[in-house]
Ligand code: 23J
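Okay, so here's just one chain, in structure tokens, the form predicted on its own.
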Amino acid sequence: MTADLLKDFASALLTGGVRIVDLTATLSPETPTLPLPTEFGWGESWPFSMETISRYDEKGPAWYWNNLRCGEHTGTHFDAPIHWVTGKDHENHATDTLPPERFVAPAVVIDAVAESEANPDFLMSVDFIRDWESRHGEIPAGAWVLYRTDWSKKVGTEGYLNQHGDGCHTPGWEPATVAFLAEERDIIGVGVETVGTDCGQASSQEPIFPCHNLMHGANKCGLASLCNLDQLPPTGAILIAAPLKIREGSGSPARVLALVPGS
């Protein structure tokens, strides 16, 4: 890349030739967290909380700051390969060691809004992706695949998690689809609008939690709880998704942005 290209890019940002879309949900104590299956006896991920240290008062007359508490995988967040047992032996697989080149990459958006509205347990198949590719071109290697369901528009934790006696009911992937994307399309990872990258009933799939199991096993990444995917084109966007640089971090809340052509 030449210096002129960078200047042109900076100019496009200033003049509106390139538009920035925020794909990040606001973190607050109301942010839904992933309910973990009780049969595994897993510990609980802390919900987000914020405690004021001082706010222009007797504790600090000229400054405002807070202590924060939450699990790594809270709100709009990044999943690193080390997050799952299948990815534990890769090199450079944690939030502090992942190559930063993975944090800026092309993105494709696959629209499954109608299917998810008709069936909250909708699972994206390989045929569904091949049909999308017949209209938009093959998914390029090194891209993010973003799964649009408009699930982020659901109001309140109850509607968003859609939890019943048998667990949550939210869209996800057929296991073969995850393997296809990771191996045959060699993507960086997938991003979803739901609370986690797997479907709500993923504990009953084979393998369990196939997106986590297969995607991280292939040294790929994940993004969850995205929003505003309806503002992105099917192809042509650039995604910026960087986790906090936590030593041996399995993931972290992230500010995820997309660059798209301006009006």
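What you are looking at is a predicted structure, and each value in this text was computed from that prediction instead of being measured. Residue numbers run from 1 along the displayed sequence.
One more form of this protein exists, namely the form predicted in complex with oxo(2-sulfanylphenyl)acetic acid; it is left out here, but the text below deals with it.
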**Message:** By the heavy atom within 4.5 Å rule, which residue out of Leu27, Cys227, Leu34, Ile238 makes contact with oxo(2-sulfanylphenyl)acetic acid in the model of the complex?
**Reply:** Leu34
**Item:** One stretch from 99-107, 77-85, 163-171, 117-125 that, in the model of the complex, holds residues within 4.5 Å of oxo(2-sulfanylphenyl)acetic acid by heavy atom
**Value:** 77-85
**Request:** May I ask you to state whether Gly196 is within 4.5 Å of oxo(2-sulfanylphenyl)acetic acid in the model of the complex, using heavy atom distances?
**Result:** yes
**Prompt:** Quick one: is Arg148 in contact with oxo(2-sulfanylphenyl)acetic acid in the model of the complex, heavy atoms, 4.5 Å cut-off?
**Reply:** no
**Prompt:** Heavy atom within 4.5 Å of oxo(2-sulfanylphenyl)acetic acid in the model of the complex: which residues of 209-243 qualify?
**Reply:** Phe209, His212
